[in-house]
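Shown below, as structure tokens, is a lone chain in the form predicted on its own; questions about how it binds or moves come after it.
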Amino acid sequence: MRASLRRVLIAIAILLAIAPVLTQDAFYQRIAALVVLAAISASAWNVIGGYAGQVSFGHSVYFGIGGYAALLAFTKLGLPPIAGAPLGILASFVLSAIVGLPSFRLRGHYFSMATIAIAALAGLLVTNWGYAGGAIGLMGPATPRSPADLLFRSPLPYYAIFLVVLAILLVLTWWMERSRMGFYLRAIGSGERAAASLGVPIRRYKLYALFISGAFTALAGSLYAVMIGFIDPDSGFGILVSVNMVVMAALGGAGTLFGPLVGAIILVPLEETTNALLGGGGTGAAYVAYGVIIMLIARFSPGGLAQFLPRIAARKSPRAA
């Protein structure tokens, strides 16, 4: 069973590497780049929401910080947008320390509600902050001034950059799974009281997980701003940005290494295709589908596809028969 699953994952990795090259259609290449970018943000959310069990619906605050840091570096300092990514990551560390310490006192849906309030407050502040463009947002460079602007006509260079970042994040997560931190986080996710009784420093390791999760989510926001060349309060701090991360991780399997990637492979093409077929008005249809997916996951497989597919395979195997 494990060998067959390993072969499937290897096939997915090979497909990710070569799929965009197999077509010259810029639309499909752009979808491939967005899939990998969404997988970065969902995998980053998975560190705190999947492994540690702290279901955050306000992770868009980190995504928005990264996106605004990139374009503020361009509009205010004249730097290439990607130069703002380290500033966004640094801001995510500061925000994690400020927000994490008090909010980690809350548990369950109270923690989720607190994260929603934090993201909503951040979006409101940015909307009324003239220095950051207010409700209009910020624009990136219209024409490339230097290669450092990362302004490409083809989506393929963005795809390659995103794929490298995703690989780094997955390797880091794989290492974390097998380290003391991974065992501690899974213990916290299974039950905080039981973990505390065994001597797990709960708040410290939840804060570590939030540092990693927030940093990579901010990096995903910076990469999004570099590729799209635009950021506003809705696309940076909107609640649907957080919902995307949660649904992708839950669909593929929260708390698993490749679960968020599988969820992104399914949901991003669904959203982009409905938008294209319905003339840009398909976002509502996509989120109706998201709601149906959430209900199906909650009813039939709370562990996502990572739990559902092995169960189906076990039923069909000769040993199970």
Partner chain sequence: MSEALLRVSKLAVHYGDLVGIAEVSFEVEEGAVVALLGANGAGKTTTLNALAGLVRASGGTILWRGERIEERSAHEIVARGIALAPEGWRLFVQQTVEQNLRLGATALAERARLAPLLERVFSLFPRLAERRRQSAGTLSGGERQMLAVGRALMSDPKLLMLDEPSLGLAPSVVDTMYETLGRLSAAGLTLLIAEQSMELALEIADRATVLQTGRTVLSGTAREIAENPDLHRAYLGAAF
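Residue numbers count along the first chain shown, from 1. Just so it is clear, the model here is predicted, and its values are computed rather than measured.
Only in words, not in the display: the form predicted in complex with the partner chain, which the text now covers.
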In this chain shown alone, the residue from 196, 135, 148, 172 with a heavy atom within 4.5 Å of the partner chain in the predicted bound form is 196
Checking 152, 93, 230, 183 against the partner chain in the predicted bound form, the residue with a non-hydrogen atom inside 4.5 angstroms turns out to be 183
In the predicted bound form, is there a heavy atom of the partner chain that lies within 4.5 Å of any heavy atom of residue 200, even though the partner is absent here?
yes
Heavy atom to heavy atom, is residue 190 within 4.5 Å of the partner chain in the predicted bound form?
-> yes
The stretch from 135-143, 201-209, 217-225, 85-93 that lies within 4.5 Å of the partner chain in the predicted bound form, judged by heavy atoms, is 201-209
